[in-house]
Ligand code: HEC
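Single chain ahead, written as structure tokens, the form predicted alone.
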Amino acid sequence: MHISPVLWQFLVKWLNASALFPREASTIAPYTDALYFFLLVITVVGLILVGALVFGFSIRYRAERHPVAIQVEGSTLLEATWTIIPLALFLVCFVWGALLYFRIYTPPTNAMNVYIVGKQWMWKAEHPGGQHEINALHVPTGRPVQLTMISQDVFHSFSVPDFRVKREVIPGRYSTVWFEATEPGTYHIFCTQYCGTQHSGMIGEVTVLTPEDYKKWTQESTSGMSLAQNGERLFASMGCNACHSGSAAARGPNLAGVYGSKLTLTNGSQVLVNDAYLRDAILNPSQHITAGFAPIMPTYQGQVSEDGLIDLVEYIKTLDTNYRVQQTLTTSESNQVAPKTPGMVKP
């Protein structure tokens, strides 16, 4: 079924103006709406067709005209028709929906990543540059934005109807979704998974800015420390650099350049090092022992917040060499062994 672009635009604008349908404010929205309207059309057509047949047969074969039941011979062609046509429509919907699903949940390689932490009853957005927002999210137009989301307590669901974005936010596991905003403006954020007594108040706004305005906002809203810089401080304060120094005698695996690579574990399996793996390896190290190393890393379950885990993951992602790790380790060791004589002033 083909709908002319003019008719399609008129239909969408009429729905938006009548407040019956959300705006199309992302690149994926027209594709989602096309599938939705296709399903709506075949549903209405099927309803009318079946209703007409039921009404027609009830009139034609009413009791007054046929008081005694008669044998009706089946038609192979008719049965094949009403089997093959619905099957073809279902297959079209399945393939169309599957392609759309993979398009929605497979972000472009150049997507800008923003972390979303859900908790009762608020959304917290963390940008790699150090910008932090509560129940708000600022993004630029014309640039893919990937949301890496996790819940700090119960199940939530992050939804922006105008972007046709909806994704479950699960405790203990990262989930991702992406969008590319097309129009500057303000759009509603909802939690669409019942999460407690104040579920209805778990709302927020996405503010879409032009690239120039977004750059200005990032410069004015930075906390002064990026997520990676916060992660570097946390990495050193927890003593991670003592084992993950990258030297030949290190008791832990080398973390420089590990993000995006494949590691071989002691059980012989290989895993892709991504955000989810790094988070789980910090919290449950005994389940992710790299081949050639002893299971000596302690668990940090309950000792690091979700925000801290995000900082650590961002820091490890930026490690191209072990220079910073070794410099931090040298500084820490110097501070520990330096003599502290009362009355002496350190030069």
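Just count from 1 along the sequence shown to find any residue number. Because the structure is predicted, anything quoted here is derived from the model rather than measured.
The same protein also exists as the form predicted together with this ligand; that form is not shown, yet it is the one meant from here on.
Of the candidates 54, 40, 294, 47, 294 is the one whose heavy atoms come within 4.5 Å of this ligand in the model of the complex; the others do not. With the partner omitted here, the residue from 174, 187, 158, 235 that has a non-hydrogen atom within 4.5 angstroms of this ligand in the model of the complex is 235. At the 4.5 Å threshold, heavy atoms of residue 196 stay clear of this ligand in the model of the complex, well away from it. This ligand in the model of the complex is not approached by residue 127, whose heavy atoms all lie more than 4.5 angstroms from it. Contact check for residue 300: a heavy atom falls within 4.5 Å of this ligand in the model of the complex. In the model of the complex, residue 290 approaches this ligand with a heavy atom inside 4.5 Å. For the three residues 252, 255 and 278, a heavy atom within 4.5 Å of this ligand turns up in the model of the complex in every case. Partner contacts here mean any heavy atom within 4.5 Å of this ligand in the model of the complex, and among 158-166, 91-99, 241-249, 202-210 they occur only in 241-249.
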